[in-house]
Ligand SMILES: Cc1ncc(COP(=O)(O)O)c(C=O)c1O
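One chain comes next, on its own, written out as structure tokens in the form predicted alone.
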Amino acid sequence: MPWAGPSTLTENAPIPGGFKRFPLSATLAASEAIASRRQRGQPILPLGFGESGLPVHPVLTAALADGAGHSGYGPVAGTQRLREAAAGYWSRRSLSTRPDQVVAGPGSKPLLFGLLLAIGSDVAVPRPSWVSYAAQTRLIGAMPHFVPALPGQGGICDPAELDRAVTASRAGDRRIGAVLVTLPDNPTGRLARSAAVRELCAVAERHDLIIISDEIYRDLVHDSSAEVVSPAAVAPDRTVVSTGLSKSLSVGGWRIGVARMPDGKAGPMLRDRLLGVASEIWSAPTGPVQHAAAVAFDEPDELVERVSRSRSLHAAVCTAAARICAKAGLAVAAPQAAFYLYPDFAPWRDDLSRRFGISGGPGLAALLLDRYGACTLPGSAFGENSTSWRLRLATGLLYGDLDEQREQALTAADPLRLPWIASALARLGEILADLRP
């Protein structure tokens, strides 16, 4: 059916070429909902968008300004300077890396999309997992296969369940060729144990799967002494690692990410495919941002200190929010990384259904926003069933509305005593007290 023009484009009209519609990403929709309420002067408790709400360090703003003259397209894979810096970053984390293994892109999100296109198969994703994994898999015309995450760990498919899912897919007319891992995890804020990573790698070896390990939160593990085992250290010939600066250094709007290709002969093959995709979509990452990112991945002392302070702040506020949830009677695992927690409201299910006529997380999230001005995301956004009562709470935007407040939060001996943070946490407690049966 030909498209007759904008005047005929209604909600139910077909899209040219028969393409499917895709809704706005749940996380970005949450960000816009927060901004909209603020513009209308309505109170908001911003727990829906996973942003590290901290000021950009002056070292990075100076580097960005210094790179303003980099106006040419540059290499598709990213500048040599950036790739060398990223290689050094991974090498310092016991992943020996060559610059020619690194591909840079305008954020880890486009790199993921390019990788999925380059691999071209169905993908196993943990349930729950970040909203874009399944959505991007569908965008390339493949199928996401949700595999239950290991209980209490998050971010990693249960290896036994993954084995069954891959076997079943290949017995039918589908082929799972890749598996996604988030280390540590969004939405649960949990870190998979090394034994689980090794078991998953064994399944990947057995079924010849590519592992894509999203490690953008790696530097925000609350316990800096905790063991973080990347799949690339266990299965180096089949693992791609991606990261960026949006979470650790709060420059999400700058859009820069890097991916480390596998060792062995799979690496150059996948790199060539990814560069072909990149050349047709983004051409090359932005020059000035690459210049600043190279400085960041060099990890000068000032930025190492900033990441350390932000990690401590995230841990303090997120852990406090988890305690409030647990004290109210919700089931919630203690957060281990970043600024996420994933409480389960199932203990209140019958009462909430009776009082408000809701049947799961989507209704609960809508109730919290409309009745209390609290923006959250339901577990269904992360692959759970709509009857799940889990919500993801993101505490990274509770550090203040002004940069001055956020800087104080970074340097405070006890950020929980700052009035604006204490007020936000108290508001969470008040809302839960009002909802509690």
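Each residue number is its position in the shown sequence, starting from 1. Remember, it's a predicted structure, so these values are computed and weren't measured experimentally.
Here the subject shifts to the form predicted in complex with the named molecule, a form of this protein not shown in this document.
For the named molecule in the model of the complex, the listed stretch (158-166, 106-114, 142-150, 302-310) containing residues with heavy atoms inside 4.5 Å is 106-114. Among 190, 83, 247, 260, the residue placing a heavy atom within 4.5 Å of the named molecule in the model of the complex is 247. The single contact residue among 207, 93, 127, 255, judged by any heavy atom lying within 4.5 Å of the named molecule in the model of the complex, is 255. Among heavy atoms of residue 232, none comes within 4.5 Å of the named molecule in the model of the complex. Contact check for residue 186: a non-hydrogen atom falls within 4.5 Å of the named molecule in the model of the complex. Taking the partner from the other structure, the named molecule in the model of the complex has a heavy atom within 4.5 Å of a heavy atom of residue 133.
Though the partner is left out of this view, residue 345 does not reach within 4.5 Å of the named molecule in the model of the complex, counting heavy atoms only. In sequence order, 214, 216, 217 are the residues of 209-226 having a heavy atom within 4.5 Å of the named molecule in the model of the complex; the partner itself is omitted from this view.
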